[in-house]
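Form predicted alone, single chain, as C-alpha cells, below.
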Amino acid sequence: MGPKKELRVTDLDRSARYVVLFLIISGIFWLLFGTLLALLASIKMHMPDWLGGFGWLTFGRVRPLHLNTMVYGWASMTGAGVALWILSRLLKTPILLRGYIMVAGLVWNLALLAGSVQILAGSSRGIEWLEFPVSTMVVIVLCVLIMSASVILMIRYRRVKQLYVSVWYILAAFLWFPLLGLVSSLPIFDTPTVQAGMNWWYAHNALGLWFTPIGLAAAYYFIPKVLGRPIYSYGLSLLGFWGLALFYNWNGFHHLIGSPLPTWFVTISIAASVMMVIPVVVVAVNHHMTVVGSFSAVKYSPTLRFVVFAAMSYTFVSLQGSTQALRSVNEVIHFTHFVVAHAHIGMYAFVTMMLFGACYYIIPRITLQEWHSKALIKWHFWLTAIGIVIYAGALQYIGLFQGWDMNNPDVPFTDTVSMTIPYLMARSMSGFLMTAGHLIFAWLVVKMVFRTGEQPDAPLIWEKIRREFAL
C-alpha cells in the first residue's frame, strides 16, 4: 500500500532515518576495510616482499578484495542509501519496504563478509570487478532487487506529477545493475574470448550504469538544492540522460583492442565511447551554468565543495575515457599505470567524493544533529582531494612514459618496471593522505550518529551560506 497522506520533509527524513543510516554506516565500514587493503596493495607494488610470508596477504588476494569491497561495499551500499533518500525527497513519499531493505542490507553485509573470506583464502573467479564467487554476486543482486522494488513502488505512489531528472537516473540505476549482475553470473562465459568480452561489458557498465547514474542524480539534486535555484536546463538534463543510456552500454569493449574479438565489434565500442562526449558535455554545461555567479558558495558548503569537485572529475574522466578509446592512444597506455589512475578518477574523484558530499547534507537531516567540527570537514576534503590528485597525476604521468618505452623494442622490459618505482611510492603517500581523510570522515559520522560529546547548539557550517543564498 502507498502512503495515506502527503508528508512534510521532516516526516520523510524521520521515516528514512534507520534505513539510510544503516546503509551509509555499512558503507563506511567497508570504506575503512577497503582502505586498509588498498594501503597493503599499494605498498606491495614497490615492496613486494613485505608480509610475503602470509599467503592470504599476497598482492593477488589483497588487491582484488580491495576493489570488490570498495565497489560492492562502500560505493554500492552508501550509494543506495543516498539514492533512496533523494528519491523520497523528490517524490514526497517515504521509503517503502523499509523492513525488507534492512534485512537485505544485513544479508548484503554477510555476503560481503563471506566473499571476502573466500578471496583471502584464494577462491577468486579471477575476473576483474567479479572476483567474488558467483554466490556472493547473486546474493548482492537479489538484495539490490529488493531496493529496486522499493524504488518502483515509491514512483508508483508518488505525490508529485513531474519526475525530476534525478528520479530518472535513480530508477535507471536500480533497473540496470540487477541485469548486469545476473547476466555476468550466468554459466555461459567459459571460453577465454567470450569471458573477456563479458568482463569488460560488465566492469565498464557497472561504473557507467550503476555508479554514474547515482552520482549524477546526486549532483542534479544537491547543486540546485544548496544554491536555492533551479537547474539551468531541464531539457539538457534529459539529453544527458538519454545520451548516457544510448552510448555507454557499448563502451567496455574498447579495453579489448588487439584481442581476438572481431574488429568490427571493438570498432563499434570505440565509436560509442567517442559519442559519449555529447552527454558528458551536456551535463557539464548544465552543472556549470547552474553554479555560475555563486561559486563562493563552495567555500561555505561542505556538500557543494565535494559535489562540485566530483562533478568536475566526472567531466574530466569521461572526456579522458573517450580519448583513451582511440586506437592510437590505447596502444600507448594499455597495460600501464595510466589506466589504473583513470579508473580511480572515476571511482574515487567522481563517485566517492560525490558520496562524501551527499552524506554531509543527508546525515544532519536524518539525525537532527549538527557536525561537530568544520575544521575536520575541511581537513577531510583537502586530504582526499590532494590525495587523489597526487595519485592520478603520478600514475598517469609515468604511465605515458611506461607505455612509450614498452612499445620501444630497444628498451628492456625490466627498465619499464623500475622506472615506475618512485611514482608507486608517491601512490602510497597519496594513499596515506586519503586514509587520514577517511578516518576523519568516519569519526565525524560516529560523533554525529551516536551523539557522543557535547552537541553544538547551532549549525557550524551553514549559517553564512544560509544568509547569502537564502536557504
Partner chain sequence: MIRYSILVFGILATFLIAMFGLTILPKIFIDEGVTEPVYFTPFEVTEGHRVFVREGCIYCHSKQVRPEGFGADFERGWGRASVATDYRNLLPHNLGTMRTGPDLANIGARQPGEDWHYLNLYQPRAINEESIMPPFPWLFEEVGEDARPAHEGLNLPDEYRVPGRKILPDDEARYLVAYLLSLDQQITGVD
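Residue numbers count along the first chain shown, from 1. All figures in this text were calculated on a predicted structure; none of them were measured in a lab.
Although not depicted, the form predicted in complex with its partner chain is the subject of the following passage.
With a 4.5 Å cutoff on heavy atoms, P262 counts as touching its partner chain in the predicted complex. Taking the partner from elsewhere, I188 is found to have a heavy atom lying within 4.5 Å of its partner chain in the predicted complex. In the predicted complex, its partner chain lies within 4.5 Å of some heavy atom of I152. Using a 4.5 angstroms limit between non-hydrogen atoms, Q320 is distant from its partner chain in the predicted complex. Stretch 178 to 186 is the contacting one of 178 to 186, 310 to 318, 72 to 80, 291 to 299, since its residues have non-hydrogen atoms within 4.5 Å of its partner chain in the predicted complex. Proximity to its partner chain in the predicted complex, taken as a non-hydrogen atom within 4.5 angstroms, holds for one residue of P64, G34, G437, G431, which is P64. Interface residue among W371, Y348, W168, F211 relative to its partner chain in the predicted complex, by the heavy atom within 4.5 Å criterion: W168. Contact annotation for 321 to 340: residues with any non-hydrogen atom within 4.5 angstroms of its partner chain in the predicted complex are R327, N330, E331, H334, F335, T336, H337, V340, listed in sequence order.
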